[in-house]
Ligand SMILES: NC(=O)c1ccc[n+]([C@@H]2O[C@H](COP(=O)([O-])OP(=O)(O)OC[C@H]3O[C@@H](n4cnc5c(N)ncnc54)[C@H](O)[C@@H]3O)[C@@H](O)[C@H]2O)c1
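In structure tokens, the next block holds one chain alone, the form predicted alone.
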């Protein structure tokens, strides 16, 4: 596919998965808009892409605010003339016992992860419809299929993103616009590093997580970015409404690798 002239907006692209997605688009020659609320991170990410690929426009965007989302799309169209792909990656998360949560905790996650995905999509679709082409790719989570205790707002938000993906896919299919989701599992970002560093024994904590992943490792942010690039490409022109799990098999297993490694299936099943 010739990516020349393809315009992609990636929200939350100042770090982590979003930054890897933005880099992947720049690598293949697409124009990239980094929509990021953290000015320092956003400017640095855009400068890095400019230095390496000659691509990268930073637009400070708080996805929880409609005015910011509208302005981000308008700035993109003003700079490049159109918008081909929107990647809704911006998100926040925390783990906290439900009985200790405040209304503000709920609002923060829902406003960024769910409302932000809607707002960015709404204004992007507005400029895609007249051209009768475009892609919206939502970064959801394994929490669309399975979840953990003390993650209620995040699980609710990501499940909402999943069904929003379906609803938008149906509504905008007549315009030739595709809407899909990618649901990553544990990914090697700063969050993963923080999980390890917070443990008394980082090596033991790391192995615990590896043992719960059928492929036995944590994915890279680039692996998620590769799925996104595929969905935005001409190789995926008949895919819409999908939720692609990029989780190393976590959501399809009945028991962890550690469980069946210590207790082989052989001899457990009586016929």
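Worth saying up front: this structure is predicted, and the values here are computed from it rather than measured. Positions refer to the first chain, counted from 1.
One more form of this protein, predicted in complex with the ligand, exists but is not displayed; see below.
Residues 134, 180 and 231 all lining the ligand in the predicted complex, heavy atom within 4.5 Å: Heavy-atom distance to the ligand in the predicted complex: none of the three under 4.5 Å.
Proximity of residue 248 to the ligand in the predicted complex, heavy atoms at 4.5 Å: Taking the distances in the predicted complex, the answer for residue 248 is no, it never comes within 4.5 Å of the ligand.
Residue 187 within 4.5 Å of the ligand in the predicted complex, heavy atoms: Yes - in the predicted complex, heavy atoms of residue 187 and the ligand come within 4.5 Å of each other.
Distance check, residue 212 to the ligand in the predicted complex, heavy atom within 4.5 Å: Close contact is absent here: in the predicted complex, residue 212 is far from the ligand, nothing within 4.5 Å, heavy atoms only.
Contact of residue 37 with the ligand in the predicted complex (heavy atom, 4.5 Å): Judged by the heavy-atom cut-off of 4.5 Å, residue 37 is in contact with the ligand in the predicted complex.
Sole residue of 125, 155, 169, 112 within 4.5 Å of the ligand in the predicted complex, by heavy atom: In short, 112.
Stretch from 169 to 177, 136 to 144, 96 to 104, 79 to 87 whose residues place a heavy atom within 4.5 Å of the ligand in the predicted complex: Flagged stretch: 136 to 144.
Residues within stretch 47 to 76 having a non-hydrogen atom within 4.5 Å of the ligand in the predicted complex: Contacting residues: 61, 62, 63, 64.
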